[in-house]
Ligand SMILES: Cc1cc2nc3c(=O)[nH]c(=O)nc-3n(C[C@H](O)[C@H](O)[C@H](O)COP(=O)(O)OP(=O)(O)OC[C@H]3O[C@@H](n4cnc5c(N)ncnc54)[C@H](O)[C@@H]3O)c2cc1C
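A single chain, nothing else alongside it, follows as structure tokens in the form predicted on its own.
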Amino acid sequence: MTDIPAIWDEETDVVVIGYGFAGATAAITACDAGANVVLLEKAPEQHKGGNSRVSANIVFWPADIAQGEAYFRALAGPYLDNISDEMIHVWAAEMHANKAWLERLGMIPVEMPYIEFPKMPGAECVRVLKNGEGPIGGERLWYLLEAAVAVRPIVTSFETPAVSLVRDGGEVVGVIAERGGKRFSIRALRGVILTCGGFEANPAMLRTFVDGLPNLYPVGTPYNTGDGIRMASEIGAELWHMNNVSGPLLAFKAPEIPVAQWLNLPHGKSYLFVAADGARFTMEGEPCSVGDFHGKVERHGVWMQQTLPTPIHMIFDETYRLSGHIGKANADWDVVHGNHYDWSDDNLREVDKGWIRTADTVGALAELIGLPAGALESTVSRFNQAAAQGSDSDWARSPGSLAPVVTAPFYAMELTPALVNTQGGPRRNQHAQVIGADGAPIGRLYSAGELGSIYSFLYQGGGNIGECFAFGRIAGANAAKEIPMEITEGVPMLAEV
């Protein structure tokens, strides 16, 4: 535990750690309640926004609170664990309140059809909102929140990662942060709010908490390295939902690029995905397989985590190579930040780079990528028979999506499991308070967003963003209500800028 500084370097009412949708919402709410707010962001200013900027920018909105509660319980299924009835009700009620709150900020809500689990109880309440007309994605919703922060007296500090929380007895009283290579202390007179995302860019944590996926990469921000989980754990927070992730999906990871790239499969048909034994393992599709819902698949009538048996290769022929670019992503973190790789339309530049391997025969291709030649030849032959017959008895791929892989040369591109975000972190209650290992709230410590998300199993698209707003408001309001500690004489109070 970090020692309490004898002299604090700075003071404010509320410190918010992490500038995405959750952090912005918490900061806005606390500021509007009269608190002085400091918003710390680990990334440089040009990379602010975390996963919020690179998400689909859509919001799950339950039109009916009671039905929303039923839908959530169905999504959690056997993983309701210690999610209280009060927590579920507050989640549903605040998610319902999101629409009106966002409209007050200037959102023009447009409903789009996107019910991921229509057969589940309560599914009729599901609405998904985007900001104005136009395609999903982009940053229209993000710009709304960014502008709301900018017009308020919120002190925002970029390239300033929080290093540790300072606890005095049962309360968190401040933060140790780092700026320009030097550490400094900020006393939080009312509270600290953790909104710094998950651990999808921390390979060691992924291997520890996410089973069966030793090589897993983010398609979102590379700055989410589990800092909030570490800091909360150091002061005794209880963790929950650490094994639940939004993913995996299949993507491509180049050594030169910090995040994985979404597949953007052309409409050609002569391709298949194979595992290390040269066999198909799923119904091929984009970004992973048809029937994959944020990394969960239904098998034998039961929903379960999608497994991806790495290494995985996409096998295709010359006809498919000519059908269009495979990896020209439009939603990755690097795309949003303007430094994305421009995939060639004919995929030949990627062949020259060695990202795509090629050979004149399927057997030679197998040897090139380390797969058993006989097994891959057998798999391709069986796939070709299915394509000729218009019936995929192995994975029920639709007849219109099948074409034989027969035109030389043949190609292989190694794919990687990737994920949008993790859901786990410090457990919070209906007041957005972080819960300690003893089951009691840790004083003056709050959280919101993907850091310790409520989602324990299945996930409805737009749900994380909705949760960012819902619990961001709760955290901001409750932190601002805390009775402030006595101001320290001589310590600069970070207020209006």
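We number the residues from 1 along the sequence you see. Computed from a prediction, not measured in an experiment: that's the story for all the values here.
Quick note: we don't show the form predicted together with the ligand, though the next part is all about it.
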Legend entry - Close approach of Val420 to the ligand in the predicted bound form, 4.5 Å, heavy atom: yes
Inset, instruction - Give a yes/no on whether Ala475 approaches the ligand to within 4.5 Å in the predicted bound form, heavy atoms considered. - result: no
Inset, instruction - Determine whether any heavy atom of Val434 comes within 4.5 Å of a heavy atom of the ligand in the predicted bound form, and answer yes or no. - result: no
Inset, instruction - Tell me, yes or no, whether Ser447 is in contact with the ligand in the predicted bound form, where a contact means a heavy atom of each within 4.5 Å. - result: no
Legend entry - Proximity to the ligand in the predicted bound form (heavy atom, within 4.5 Å), stretch among 30-38, 437-445, 62-70, 457-465: 457-465
Inset, instruction - Counting only non-hydrogen atoms and a 4.5 Å cut-off, give the residues of 39-78 close to the ligand in the predicted bound form. - result: Leu40, Glu41, Lys42, Ala43, Gly49, Gly50, Asn51, Ser52, Val54, Ser55, Ala56, Asn57, Ile58
